[in-house]
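Encoded as structure tokens, the following chain is the form predicted alone, with no partner shown.
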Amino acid sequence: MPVFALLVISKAGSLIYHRTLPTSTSASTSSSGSQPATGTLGLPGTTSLTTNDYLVLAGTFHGVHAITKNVTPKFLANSASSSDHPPAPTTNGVTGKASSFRYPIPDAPVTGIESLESSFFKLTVFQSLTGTKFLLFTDPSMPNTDGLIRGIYDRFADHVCKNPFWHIDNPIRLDGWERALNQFLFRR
């Protein structure tokens, strides 16, 4: 199975769930030591991550996601009616033409990182309306990771959010969530 790990980060940036899934590459390493040992994400040469490493990873990603949301580029909007407006002062006080900026897709909401690909893994990110972020580490050749992460979110909504004993931003330790996640990930 090409799914390596799943992390769930709260709106505040704290790690509320992490799970590393078994990979077939960890079983295929030889005992003679000719191949490098596989680590936490099933990648050759990686070391195992501790719980503290996962906490640091979640906090760092939360900050990077917020920064990338704010640095989404805007493009200069060329409008025919801009010549009708009088010159407007710029930030340095020099008078120039009025210009407006717009996002590449004006109707789409501004988001942060949605995916990140390397030769070893693909990171897919889904942010819910409540600000909870789901990070899914998969094999780079795996298709339809957006559909997979939305399926994980559906199970989160059904088994975690609807649980009266779980409060938002608390760590997720629910057997129903684990069973639903196992059935969804391993039946594919």
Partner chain sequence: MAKPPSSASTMYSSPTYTQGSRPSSSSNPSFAGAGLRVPTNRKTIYDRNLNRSRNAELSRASFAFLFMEMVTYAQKKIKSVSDFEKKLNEQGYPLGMKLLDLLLYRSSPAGSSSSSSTPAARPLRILPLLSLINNKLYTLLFSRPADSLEQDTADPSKYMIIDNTPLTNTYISVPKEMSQLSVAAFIAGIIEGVCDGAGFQCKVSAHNQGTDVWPNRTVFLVAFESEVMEREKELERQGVK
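Being a predicted model, the structure only gives us computed values, none of them experimental. Numbering follows the first chain given and starts at 1.
Below, we turn to the form predicted together with the partner chain, even though it does not appear here.
Interface residue among Asp139, Asp146, Asp158, Asp53 relative to the partner chain in the predicted complex, by the heavy atom within 4.5 Å criterion: Asp158. In the predicted complex, none of the heavy atoms of Ile172 sits within 4.5 Å of a heavy atom of the partner chain.
Contact annotation for Ser128: none of its heavy atoms lies within 4.5 Å of the partner chain in the predicted complex. Remark: Gly176 counts among the residues lining the partner chain in the predicted complex, judged by a heavy atom distance of 4.5 Å or less. At a distance threshold of 4.5 angstroms between non-hydrogen atoms, Thr68 is out of contact with the partner chain in the predicted complex.
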